[in-house]
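Two versions of one and the same chain are coming, encoded as structure tokens; call them structure 1 and structure 2.
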Structure 1
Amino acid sequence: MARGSPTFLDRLLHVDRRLIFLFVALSVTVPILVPLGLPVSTTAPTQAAYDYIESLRPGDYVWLSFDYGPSSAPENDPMAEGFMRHCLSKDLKVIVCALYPLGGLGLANNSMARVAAEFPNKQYGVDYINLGYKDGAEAVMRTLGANIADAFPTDVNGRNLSEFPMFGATPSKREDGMVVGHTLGIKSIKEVKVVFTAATGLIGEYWITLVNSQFGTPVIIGPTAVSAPKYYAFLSSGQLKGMLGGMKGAAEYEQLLIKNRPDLAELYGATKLFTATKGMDAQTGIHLVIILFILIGNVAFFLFRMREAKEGGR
């Protein structure tokens, strides 16, 4: 260590953490205030997720589970809302639930209200529905395999599921008003074409190990960036149809929507939404700061070891 007054090398080795905090603050706030519009490339797991949704037919049922809380909302919100927009734009029927206890329901309510307002021609209970929150994620998932109404007897507003055409028997009417038959609603999660779980923690894994492995329902996951590495093993094994890894994955999905779906491109371009694409500017800034400080730390570390070796050799 330094003898007497600290040298430049000592200062480099022990950078004041407040200086690091200042750089972090600048690297995040500046790109948010002055968007850079950096390009976003597409990775294979996101492309696979997008392609799978594209392969579905109008009228197919999809399931969206809000399995995260406010702490990871900046990462998970854009992916959940992007998925919902994609599905409603393709005339898929979206069933929403929340299994995360710390605020998952509030996030589901907010996102659904936001996205539903963008699709005024879509009808609650016919094109999309919010089943609300249920405690005991694993038990809920196993029950969904038998009967959705056993796990969620009512929607988030307390209305019986059988009241909604998505779940009950609906008289099919001709244009002249004559009843010509009944369309049966969905009963089990086995009939759902895909489950999308925007997840933090373990709940995302339960969807794979319980719903995909036991009932065969395809699963796409949108995990936070820190938990994304774990899910590559499930992608390799074919247990996941695709993955939107962290804010990067969400930004990739947004870019695919903008590129391929003109109605959504207009929406993403015209509104003042917080999008993952905007968030990627800030993420790039923070990655740069972290890499720079790691480099500085290592250069100082090697110089220090060289100085010690030299002093030891005297």
Structure 2
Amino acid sequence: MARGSPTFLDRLLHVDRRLIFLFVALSVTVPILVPLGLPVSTTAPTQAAYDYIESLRPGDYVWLSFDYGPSSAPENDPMAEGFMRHCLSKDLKVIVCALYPLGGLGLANNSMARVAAEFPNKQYGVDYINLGYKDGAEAVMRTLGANIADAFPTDVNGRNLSEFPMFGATPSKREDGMVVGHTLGIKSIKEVKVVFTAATGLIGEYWITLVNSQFGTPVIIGPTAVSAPKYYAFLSSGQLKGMLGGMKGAAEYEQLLIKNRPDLAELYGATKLFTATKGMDAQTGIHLVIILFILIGNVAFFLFRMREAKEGGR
């Protein structure tokens, strides 16, 4: 016997997949364009990372390594840029490099250009510098313990490091202009107060097991969410000063900056750039959509089985 018009249950069992794609697209794009501002609670590893940077003094050197590629940029970009903003806001001196071969240098250049434009009072070579990409992460890290210039003899533009006050000898002058001595720049990564590695893959581990273990330089890591669990052992052993776990960790760091640093709060409030906080809104939205359709599918399936059992018993 031919069936009549489809019932509501039949429609649930045959939801057009284009409708699902539409909901997924809306759940991602709407929160990016119109941020929802969903609350983000702070975890202990992110708080520890923030507190450690806050404890540093103006003029201290910090190191930022771009150890990821474009595939994880939505997670890693906001944490690297948040770290850079925090350091420049505190008048720390930021040294940037890239050790990831697949796009790490391009991401470093883009992030540095964005953040440097937000701090027009900071000077390249005095307050921050980009050393570029170097192949062979393990060998590079070992060399950094002896002499940074041996691993990176020039900056990303090919200029000798000794030309920059961050690495060369800066004249110390009296009020009348007479030179009374020279202030030497940084030479070894042992003098760096912390290394922040925004990482995917193994390069983040190298900073811990080589630079921290051999030279004692503190390390903070910003891994992707899928990699974050393995770093809790390093946190427990004290080999990490803190961690920004995935986009959630980056959003936590942004919220700490917004809450505690008025200059950056204004910046994050005015910027049109993608931030981890917006990303968490989108991530929450898409998770809700997926959960909703899973529930609909399961309920429809069980109702279908009940209908079949009922019709079979007639």
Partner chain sequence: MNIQPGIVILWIFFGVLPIVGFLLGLRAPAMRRQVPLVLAFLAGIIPILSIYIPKVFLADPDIGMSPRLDKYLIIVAGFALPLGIVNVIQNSSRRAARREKGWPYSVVLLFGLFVTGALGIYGAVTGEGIGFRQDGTSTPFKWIEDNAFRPLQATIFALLAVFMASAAFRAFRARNTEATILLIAGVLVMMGRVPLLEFLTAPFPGLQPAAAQGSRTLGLLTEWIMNVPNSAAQAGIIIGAALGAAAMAIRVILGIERSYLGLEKGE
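Rigid core here is just the name for the largest C-alpha set that superposes within 1.5 Å across the two forms. All residue numbers here refer to structure 1's sequence, counted from 1. Keep in mind that this is a model prediction, so the values were computed, not measured.
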Looking at both copies of this chain, which one is the form predicted in complex with its partner chain?
1
Once both forms sit on the same rigid core, is the C-alpha displacement of residue 43 at or above 2 Å between structures 1 and 2?
no
Post core alignment: residue 285 C-alpha displaced by 2 Å or more between structures 1 and 2:
yes
Angle of the smaller rigid domain relative to the larger one between structures 1 and 2, in °, please.
22
